[in-house]
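The form predicted alone is given below as one chain in structure tokens.
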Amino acid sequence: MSVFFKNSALAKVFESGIAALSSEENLLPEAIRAGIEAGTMVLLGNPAHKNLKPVLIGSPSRVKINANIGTSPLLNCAQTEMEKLSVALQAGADTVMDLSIAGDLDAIRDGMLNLCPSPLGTVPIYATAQTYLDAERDPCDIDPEELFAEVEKQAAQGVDFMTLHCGLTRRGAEWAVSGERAMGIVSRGGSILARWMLKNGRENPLLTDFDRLVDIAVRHNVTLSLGDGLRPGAGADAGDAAQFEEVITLGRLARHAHARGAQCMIEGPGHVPLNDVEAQIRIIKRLTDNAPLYVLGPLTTDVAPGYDHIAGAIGGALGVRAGVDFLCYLTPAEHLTLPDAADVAAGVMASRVAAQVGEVSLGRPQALKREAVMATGRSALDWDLMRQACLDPKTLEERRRPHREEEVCAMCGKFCAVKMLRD
């Protein structure tokens, strides 16, 4: 038996969910097991998360979509976040991350775990930093023991995956704030850790005591999402030394964790110009032994506030073609405000479009089948078949409603090319 399946928490999730996963992904159980053992797939599922539907991430499984929600100090309504959680799942998100930084974080997280049948992710350093900021204390005074205790608490609570910025070194932080970058550090968790290291003159405790995180991950089957604290926040910063020093460190940490039976994903950029997206993804995958790659965007331009979900979908489609396994959505609210329910729905759909575009380009059978069904439906003016094939049936129905009794669409009417040649 491999080191992974000696892990009773992972084995429990695998055995309970493998039949459904195999059917959904059209993969044999043996192939899924081999991917987990090789570190090219992860199975998200903490046994303490009740009524959970486990999710598989990594090639050749379907590309998955994550939706970020959560409170902020300026917009803090737990009930609104619960509503956004429902909207994200209805729109087709495969996972949700709670990025709350205001209010009763334990209660918010517990509420989401109870409502969410899909894997839930968090960034534990937010909760630790919040206690300091609420007490008007500087997060650079955080006691690392409090951070490890928070990770343990959230794992016991049922969190399925956690962003932990283990690869951000003191040297990398110094490089990032040296003035050579257009945007310095844009990761919230990364900035907290960088501030701590630069103030205290010490190395990142999540790096020096990484084995403590591995032990927690194995015990609870929490997937370590190794965070990109130095991801580029502007296209001009993409591919610099600070970014890739962190990537190299993440690859080494992932190999170490894998050898001890912990599941790991790698988080990726960030703002990356269109011409660099595929090269960046391929390099990151190579440096991290093809571990599942979880990417924010990438955003292919810096100047589209209000439309960053589109900029991210462009980069996401290219990223999937190059090897991205997991897309973190961007919404129209990115860089501007906390997303509302409409933003959440738009962000999920933009990322789903990106995933479909990328998977079609790779020739993946499920994506090609969807395209073929749509083509058949359109050629026959069969609106029911089109509805089955489209990514967002609800929008199709709403836009067609005023003319739903017509066989043709309202754009062409009697000029419909399909009907004209068919008749």
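One-based numbering along the sequence shown. The structure displayed is predicted, hence computed values, not measured ones.
The next section is about a form of this same protein that is not shown, the form predicted together with another copy of the chain.
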property	result
One residue of Met82, Leu274, Cys77, Ile248 in contact with another copy of the chain, assessed in the model of the complex (non-hydrogen atom, 4.5 angstroms)	Leu274
Interface residue in the model of the complex among Leu338, Val87, Met197, Ile216, criterion: non-hydrogen atom within 4.5 angstroms of another copy of the chain	Leu338
Contact label in the model of the complex: Asn26 to another copy of the chain, heavy atom within 4.5 Å	no
Contact label in the model of the complex: Val186 to another copy of the chain, heavy atom within 4.5 Å	yes
4.5 Å heavy atom contact, Gln157 and another copy of the chain in the model of the complex	no
Distance check, Ala279 to another copy of the chain in the model of the complex, heavy atom within 4.5 Å	no
Listed range touching another copy of the chain, judged in the model of the complex by heavy atoms within 4.5 Å, from 203 to 211, 240 to 248, 177 to 185, 281 to 289	177 to 185
4.5 Å heavy atom contact with another copy of the chain in the model of the complex for all of Glu334, Ser361 and Leu391	yes
In the model of the complex: members of 17 to 31 within 4.5 Å of another copy of the chain, any heavy atom	none
